[in-house]
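Take a look at the structure tokens below, where one protein chain is shown in two forms, each on its own, as structure 1 and structure 2.
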Structure 1
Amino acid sequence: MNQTSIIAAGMTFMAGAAFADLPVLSVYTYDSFTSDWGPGPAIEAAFEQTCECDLQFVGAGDGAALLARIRLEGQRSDADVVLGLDTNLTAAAVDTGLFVPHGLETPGLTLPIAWDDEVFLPFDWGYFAFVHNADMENVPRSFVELAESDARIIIQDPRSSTPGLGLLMWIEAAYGQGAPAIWEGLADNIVTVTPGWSEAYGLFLEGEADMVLSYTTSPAYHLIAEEDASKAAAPFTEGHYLQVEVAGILGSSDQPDLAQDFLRFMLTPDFQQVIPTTNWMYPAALPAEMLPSGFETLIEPDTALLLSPQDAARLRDEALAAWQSALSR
């Protein structure tokens, strides 16, 4: 090895050693967030410029699977922050006793609802919807019409997926005691139930179904990223269920100050501006006029449906039983 090589090797070693000395912040999130096309890489780079730390995103399945993993790991979890639960899961998350208050003020939120949760902070939001090809004929405009149609749909498992759980709550909020009958009507429309959103949407794009449970914002991806206006979200007369995605700090974290810094960063433009064209949701702390061109084409529900975290937790088991009963027949 010549002198130049020795010097280069020494510099590489020192750089590696310096990096190894940085504190590590581990954030558990859902798989699509960490993907190359998701918001994770850009947010990691932006936060590391401010924190003098090593931010590590860890994919843990889909949203609802995050809570199951945290419950399993308990106080032994390597996670400092959990990002990707939603308000259908926050009451159950608090009941684990594993999360601690974030201790932050929340000025500048642009959610369509008021926010006063002392444990969880929102980072984005959206409305669930069934997405279809824009040239589809006789598009169902309600759950009743969908159940009466021949449309083939793909949905996600509510036990592992936040969209899947969101669909349960959507039907509960819209129909209450009539929810089991809606599920019985929908059972023969369902082509398959996937563990998470990515699998479901991929199958839809491959032509395996006419419609897929996703978001009103999903067509924006095709329009902006692909210059493709061939996808649309069906407006439902019952209204659309609102999802607010959140992050929280685990009490077992060995980097509590860094975790709080991350949640504070989460509400800044450097984080929020990444969301619309990577996570394809509405950012939680960014004015509407800062949304990218194309978002103005999206449908806006006439009625927004949302159960409180406590009601969602109370109704979950009954709604899940109705879903399982309908699909098992």
Structure 2
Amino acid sequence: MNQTSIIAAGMTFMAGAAFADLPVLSVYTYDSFTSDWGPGPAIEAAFEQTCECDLQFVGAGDGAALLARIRLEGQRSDADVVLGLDTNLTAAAVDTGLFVPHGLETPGLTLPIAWDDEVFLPFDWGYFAFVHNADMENVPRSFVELAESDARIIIQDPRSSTPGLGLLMWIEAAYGQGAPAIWEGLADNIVTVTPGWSEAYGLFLEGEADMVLSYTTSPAYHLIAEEDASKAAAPFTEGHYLQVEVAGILGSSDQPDLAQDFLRFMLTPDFQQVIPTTNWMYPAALPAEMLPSGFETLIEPDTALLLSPQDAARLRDEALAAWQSALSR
């Protein structure tokens, strides 16, 4: 044990020495991206093969916590790139004035929508969906049917969770003025509201509810990693709201060229191929035929809903108030 730790310490030291002359690219991201199960380790190895640099991922909670951290650090931040905000957060991120345009052309994007953001580039995306057991009967096909059914659902709190906020925006995008009525209809279906995705999904797997708010890609995890085809996502006729996860360069970066190289690398297959089976999302620039087998079994919504970052920011407070009042009765 002791010997190993001495050796480990020595290796760390030598690794440090080897990296000493290399420029450091610091990428802030959400915690699960950097974890051993996330895309971080493989992407770091792939980028460092070509960049002559030391890529360091720094984990910070989830997307919203990530933005909060950037705001707390301001101009003094060590970060060069921020990776892992979604379009519900990007308007606030632009307002901080901390981000600069990426300056890249993006011909190869495989998003279901057009992308013309000058500051942020997408690296993956997914559709929100209610996931259920494949043997569930009378699966609701819309929010209206769900509200009328007696299906039990678990959702996440928009105040503490990005999928929770995504659902708020989904109903806002689909129903606009009618959103409060939908929430009132859903109130008696909602078993409970959890602080984050993990709690909600855990409760669903425990059998506490018939459906849980997650992604259309969630069944792929069970199918590919567990060889379990028992989970399915319910297609809704209103269409499905997109979560597009993006990265951007900070103006305070001392490695702007390297940061741009990283964003360019982000849209190459070496990065994109890691995404499907680590982040369990769709890669943002990878043709469908290059997706791992199993992904072809997933539902593909006809309509992709997404509010512009400005609309999402503008409608957020009102939508939250309607949500709170509908569920507090």
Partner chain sequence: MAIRAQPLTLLQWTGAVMAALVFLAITAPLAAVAWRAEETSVLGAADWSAIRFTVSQAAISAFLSVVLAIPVARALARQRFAGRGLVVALMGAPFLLPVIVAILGLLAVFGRNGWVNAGLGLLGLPPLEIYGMHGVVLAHVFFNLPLAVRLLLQGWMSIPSERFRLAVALGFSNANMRQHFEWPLLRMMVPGVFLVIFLICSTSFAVALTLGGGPRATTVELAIYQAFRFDFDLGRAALLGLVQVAICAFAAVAVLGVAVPQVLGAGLDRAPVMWPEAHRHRFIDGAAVLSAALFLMMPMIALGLRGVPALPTLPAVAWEAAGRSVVLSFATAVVAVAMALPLAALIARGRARSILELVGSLSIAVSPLVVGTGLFLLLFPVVNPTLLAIPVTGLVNALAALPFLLRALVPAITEAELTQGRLATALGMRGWPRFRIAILPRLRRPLGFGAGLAAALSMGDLGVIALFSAPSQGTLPLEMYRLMGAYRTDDAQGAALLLLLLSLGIFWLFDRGGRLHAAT
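Please note that residue numbering is based on structure 1, beginning with 1 at the start of its sequence. The structure presented is a predicted model; accordingly, all values stated were derived computationally and were not measured.
Novice: Do you think the form predicted alone is shown as structure 1, or as structure 2?
Specialist: The form predicted alone is the one given as structure 1; the other form is structure 2.
Novice: Answer yes if L83 and D31 are in one rigid part between structures 1 and 2, otherwise no.
Specialist: L83 shares its rigid part with D31.
Novice: Going by C-alpha fits of the two rigid parts, what is the rotation of the smaller one between structures 1 and 2, in degrees?
Specialist: Rotation between the two rigid parts between structures 1 and 2 amounts to 16 degrees.
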